[in-house]
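The chain below stands alone and is given in structure tokens; this is the form predicted alone.
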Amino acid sequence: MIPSLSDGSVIGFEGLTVRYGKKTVLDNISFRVPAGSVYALLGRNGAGKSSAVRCLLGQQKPTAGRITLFGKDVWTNRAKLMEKVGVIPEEPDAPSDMNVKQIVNFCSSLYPTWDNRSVSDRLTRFKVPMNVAFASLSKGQKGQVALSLALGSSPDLLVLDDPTLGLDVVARKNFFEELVGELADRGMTVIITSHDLTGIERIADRIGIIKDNKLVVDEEIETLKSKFRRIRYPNKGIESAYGNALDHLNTVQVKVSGWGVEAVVSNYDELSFNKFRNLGGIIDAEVSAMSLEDIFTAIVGEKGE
């Protein structure tokens, strides 16, 4: 189903397909991002997330389908639309021999809505040296400069392509804390790709997951987490006696070991679980909630699969 932007959505992916030669990277991807929300687009390495971001920014023409921003086609209206967009790429980039002050001054001349005070205050708070060449900054400092520049234009939309990749634990935590504060103050719309699912879990309203070139999940994060559960119970032959006793809960993953069975289900509800727990042969069945990282792993497969 192609999404409609009549509901005030900022972004609309409409049947997006990307191919490189004979290789299909994204196949008929459709979703929308409502105004003021934080949408996390997730997938394993090579899933096509960066291709989706390039198409979103009008840097790459889709093989089929299109992307709209603020109701307009990105590919044909890129120059004007990018005035409303702040971008943090996977690898922060700026002229290597320019210092931070020069970079800020250059960027300030490009945007009529530039907020120089907020940029200066943020860089001061980050303790980023203003007179040091960009190439001499640490990776964490480069990321802080990128965030400051992206927010400096007071964007309506913030696009982040794995912005914490390669940062240490403290730098990642600081990045997301700064972002959370900005979201609370400004109510921006955000789309983010990231491998830092702990950070994503703190800020995202909605999750999209790409697997095998297709969008297999597009759901509010709390709804997604309410449906997934891990169920454990001793193996007493119940599987052979009842077939897969968890089928009605939509089993995503099952691991059988000597002690018992551990299953991940994607359609959990208390009534169905209680019926399962009361089956003859089921003893000491336990259910537990799952983190976003656990859910993601169950959906896309563990490393090596």
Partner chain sequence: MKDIKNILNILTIATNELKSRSSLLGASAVIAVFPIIFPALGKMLGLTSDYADVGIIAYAILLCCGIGFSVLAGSSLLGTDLTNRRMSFYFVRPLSTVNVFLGKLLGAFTLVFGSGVITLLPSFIFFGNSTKQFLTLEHMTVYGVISIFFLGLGIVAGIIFRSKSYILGLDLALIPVALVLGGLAFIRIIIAYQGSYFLEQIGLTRNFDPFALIIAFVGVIMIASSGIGLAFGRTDIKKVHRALSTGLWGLMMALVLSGFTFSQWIVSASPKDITRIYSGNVITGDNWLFVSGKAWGRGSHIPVFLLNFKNDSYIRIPQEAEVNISKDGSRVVWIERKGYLTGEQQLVKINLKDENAKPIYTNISFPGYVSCQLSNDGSLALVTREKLVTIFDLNNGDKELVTVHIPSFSKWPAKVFFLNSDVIRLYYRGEEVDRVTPVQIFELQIKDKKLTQVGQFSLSQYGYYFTISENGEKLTVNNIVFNAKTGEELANLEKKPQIIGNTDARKIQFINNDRFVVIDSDTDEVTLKVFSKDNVEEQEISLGKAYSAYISGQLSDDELIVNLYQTYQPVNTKYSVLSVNLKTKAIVVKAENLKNLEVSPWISMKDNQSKKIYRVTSKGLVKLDLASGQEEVIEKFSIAE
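Numbering follows the first chain given and starts at 1. Not measured: the values here are computed from a predicted model.
Not on display, but discussed next: the form predicted together with the partner chain.
Whether residue 58 contacts the partner chain in the predicted complex should be assessed with a 4.5 Å heavy atom distance threshold; does it? Result yes; residue 58 sits at the interface with the partner chain in the predicted complex.
Whether residue 131 contacts the partner chain in the predicted complex should be assessed with a 4.5 Å heavy atom distance threshold; does it? Residue 131: no contact with the partner chain in the predicted complex.
Does any part of residue 82 reach within 4.5 Å of the partner chain in the predicted complex? Heavy atoms only, please. Yes, residue 82 sits close enough to the partner chain in the predicted complex that at least one of its heavy atoms falls within 4.5 Å.
Evaluate residue 102 for contact with the partner chain in the predicted complex, applying a 4.5 angstroms cut-off between non-hydrogen atoms, and reply yes or no. Residue 102: contacts the partner chain in the predicted complex.
Spot the stretch among 195-203, 214-222, 93-101, 174-182 with residues whose non-hydrogen atoms come within 4.5 Å of the partner chain in the predicted complex. Of the stretches listed, the one contacting the partner is 93-101.
Each of 10, 35 and 38 within 4.5 Å of the partner chain in the predicted complex, by any heavy atom, yes or no? Not a single residue of the candidate spot has a heavy atom within 4.5 Å of the partner chain in the predicted complex.
Candidate from 123, 160, 149, 207 lying within 4.5 Å of the partner chain in the predicted complex - any heavy atom: Going through each option in turn, the one that passes is 149.
Does any residue in 109-142 get within 4.5 Å of the partner chain in the predicted complex, counting heavy atoms only, and if so which ones? 109, 110, 111 sit within 4.5 Å of the partner.
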